[in-house]
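This document opens with one chain alone, in structure tokens, the form predicted on its own.
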Amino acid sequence: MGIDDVVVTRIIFNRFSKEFQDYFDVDVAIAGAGPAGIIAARYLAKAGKKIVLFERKLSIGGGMWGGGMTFPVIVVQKESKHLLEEANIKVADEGKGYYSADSIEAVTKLCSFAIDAGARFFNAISVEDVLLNKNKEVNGFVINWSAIEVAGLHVDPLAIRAKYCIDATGHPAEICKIVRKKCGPLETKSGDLENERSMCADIGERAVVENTKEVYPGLFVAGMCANAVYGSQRMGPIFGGMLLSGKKAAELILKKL
């Protein structure tokens, strides 16, 4: 059978258009498809909520994808290994409460884990601003193609509405920076981003869960973004806290929903 190039184009355009417009109004919108964002999407979707996740890169996984210094291995603690095992990721007991996993297997299976639960991912899309309601609460994202952002083209964005949003953009804490600049002070000691500290996994792993909270009305922080906003240590290629942070963010939002 011959292949008609225009038919292929039509299939892609029609399917994307149909699916994309189904996510203009959702329960929760997430910026960043790192481990915390993916886990949050999984548990929110599993609870029957309509979830959309935007990732500016073509690939998902954030810092987990590269393991440690591109060695495709990650480490988690006993308290969080069940989050990997639930996704059928092979976990090796390394002793003394440490467990290792293949980073590529972890990312791909966690992503599948979330999608199978009903979460919808859109890659190559950047969040460049937030949407506010009349009470000046964050209730959505302003989005554009990442290629437009990289090219520096002046092209107006589009908006999607959400009951709650999660900033899971990692070290840059991109959404929180936008909110602090344009909307007002954050729920931190200074009202500003406290900025992340140098590496200490023992502190950072505990803090990333503690710092997972609502940082501005309608906006939650999860993953490394939480430590960047609240001023705690980075952790390196140990990801237990990141996974637990994503789950906590989902649980906090589910209570509100």
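All of these numbers come straight from a predicted model, not from anything done at the bench. The first residue of the shown sequence is 1; numbering continues from there.
The form predicted in complex with a small molecule exists for this protein as well; it is not shown, and the discussion that follows is about that form.
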* Does the small molecule come within 4.5 Å of a heavy atom in each of 27, 140 and 216 in the predicted bound form? -> no
* Asked: Applying a 4.5 Å heavy atom distance criterion, does residue 102 contact the small molecule in the predicted bound form?
  -> no
* To do: Evaluate residue 77 for contact with the small molecule in the predicted bound form, applying a 4.5 angstroms cut-off between non-hydrogen atoms, and reply yes or no.
  => no
* Find out whether any non-hydrogen atom of residue 90 is located within 4.5 angstroms of the small molecule in the predicted bound form, and reply yes or no. => no
* With the partner left out of view, is residue 249 within 4.5 angstroms of the small molecule in the predicted bound form by any non-hydrogen atom? -> no
* To do: Could you spot which one of 165, 107, 125, 83 gets a heavy atom to within 4.5 Å of the small molecule in the predicted bound form?
  => 125
* To do: Quick one: find which of 130-138, 113-121, 183-191, 166-174 has residues within 4.5 Å of the small molecule in the predicted bound form by heavy atom distance.
  => 166-174
